[in-house]
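A lone chain, given as structure tokens: the form predicted alone.
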Amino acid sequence: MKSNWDVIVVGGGPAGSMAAWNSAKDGASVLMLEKDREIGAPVRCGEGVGEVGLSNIVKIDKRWIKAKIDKMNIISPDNTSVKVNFKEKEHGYILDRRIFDNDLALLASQAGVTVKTKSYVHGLTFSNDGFVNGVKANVLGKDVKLNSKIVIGADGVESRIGRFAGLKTAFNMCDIGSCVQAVVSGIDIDPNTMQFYVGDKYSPGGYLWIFPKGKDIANIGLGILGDRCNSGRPKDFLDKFLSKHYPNSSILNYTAGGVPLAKTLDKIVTDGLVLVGDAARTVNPLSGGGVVSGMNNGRLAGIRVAEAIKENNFSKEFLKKYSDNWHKADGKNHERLYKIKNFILSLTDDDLNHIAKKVSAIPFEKRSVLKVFKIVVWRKPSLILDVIKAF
């Protein structure tokens, strides 16, 4: 493997692959390093995406899709069930992230990106004037130094790359979810309906989800807000739910990890480096979903990085246009969702029961996601405009 590259991308998830792909389209030499031995594994994700958002970025391959979602069911703490049909533009998919992530990396490779797995980046290198100009890594067991004009940090929620570059990536505990998920089979579910159980009895400061991947298999998981983890371990809450609702099911695997529920970082670029995806905090702070937003963010980063290579300008002033474009595309909406999230965190289980009953009073055919969230924020009218714009 050669030592000198135009761009080095650290992390082979959807955001990293999109950043690499768009960086390489005009001929830049791009290397993408993934620490795990396989792109797309292990899966630390609910695997849900919006159909419209995904189709705006890539042509959808049916091989990626495990289920098409056209409705949701929200269950309140007192077991009031609120069913909502999605409008055409609200439909979603549950993905097979192993196939999906691998195909995105393949698209990047076909554009000229060199992909290396089992490659752990443990440091950055800097020029005399303080620009990031490469990485220190262990690639297939060998320590190497690799030079680049720009490094793209797509290394997930912990973003060591951002910290190495001096960017502030620390969380408040109220802005991170501690999550656990099981792939559960042998259960009877509607394959086109995703379910959400809300309230502290299920998941303090978060929610429990059931995302179907067929008629008898689903991703079932939950997230507990970081500052409410004294309520108990996420896995204990999940095991309690599974033993009560699906006592005879089979659990194929467990995964766990942190999910950022924050606004995008104030600074996602510096001299010679940009952050994308979870590393930049582009996850939807209300839902915790980050695949499509991360891909769009990575796409915008890759476009600007390609321009930087052409102009031979790797300064934070030049790269900041990516940050500005992200704010216009999605970042402003994330700020709205962040405000809505913080309001919802103030609701008690009694409040959630009351909201569920109000929504249930709406005839089923007239219910919508927008109407649900208008009722959710009924106690704070100043948020209604944010809800309308966000949804």
Partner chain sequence: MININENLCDFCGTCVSVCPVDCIELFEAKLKINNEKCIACNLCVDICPLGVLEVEDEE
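Quick caveat, the model's predicted, so the values are computed rather than measured. Residue numbers count along the first chain shown, from 1.
One more form of this protein exists, namely the form predicted in complex with its partner chain; it is left out here, but the text below deals with it.
Engineer: May I ask whether R37, H122 and V157 each come within 4.5 Å of its partner chain in the predicted complex, counting any non-hydrogen atom?
Structural biologist: The answer is yes; R37, H122 and V157 each reach its partner chain.
Engineer: Using 4.5 Å between non-hydrogen atoms, is P234 touching its partner chain in the predicted complex?
Structural biologist: Contact with its partner chain, yes.
Engineer: Check L252 for me: does it contact its partner chain in the predicted complex (non-hydrogen atoms, 4.5 angstroms)?
Structural biologist: Result no; L252 lies far from its partner chain in the predicted complex.
Engineer: Does at least one non-hydrogen atom of I176 fall within 4.5 angstroms of its partner chain in the predicted complex?
Structural biologist: Yes, I176 sits close enough to its partner chain in the predicted complex that at least one of its heavy atoms falls within 4.5 Å.
Engineer: Closest heavy atom of F318 to its partner chain in the predicted complex, within 4.5 Å or not?
Structural biologist: Because no heavy atom of F318 falls inside 4.5 Å of its partner chain in the predicted complex, the answer is no.
Engineer: Exactly one residue in G166, G226, P191, G112 has a non-hydrogen atom within 4.5 Å of its partner chain in the predicted complex; which is it?
Structural biologist: Only one listed residue qualifies here, and that residue is G226.
Engineer: Tell me, out of A105, L300, V184, V180, which residue has a non-hydrogen atom within 4.5 angstroms of its partner chain in the predicted complex.
Structural biologist: Result of the distance check: V180.
Engineer: With the partner removed from view, which of 81-89, 261-269, 200-208, 167-175 is the stretch that lies within 4.5 Å of its partner chain in the predicted complex, judged by heavy atom distances?
Structural biologist: Of the stretches listed, the one contacting the partner is 167-175.
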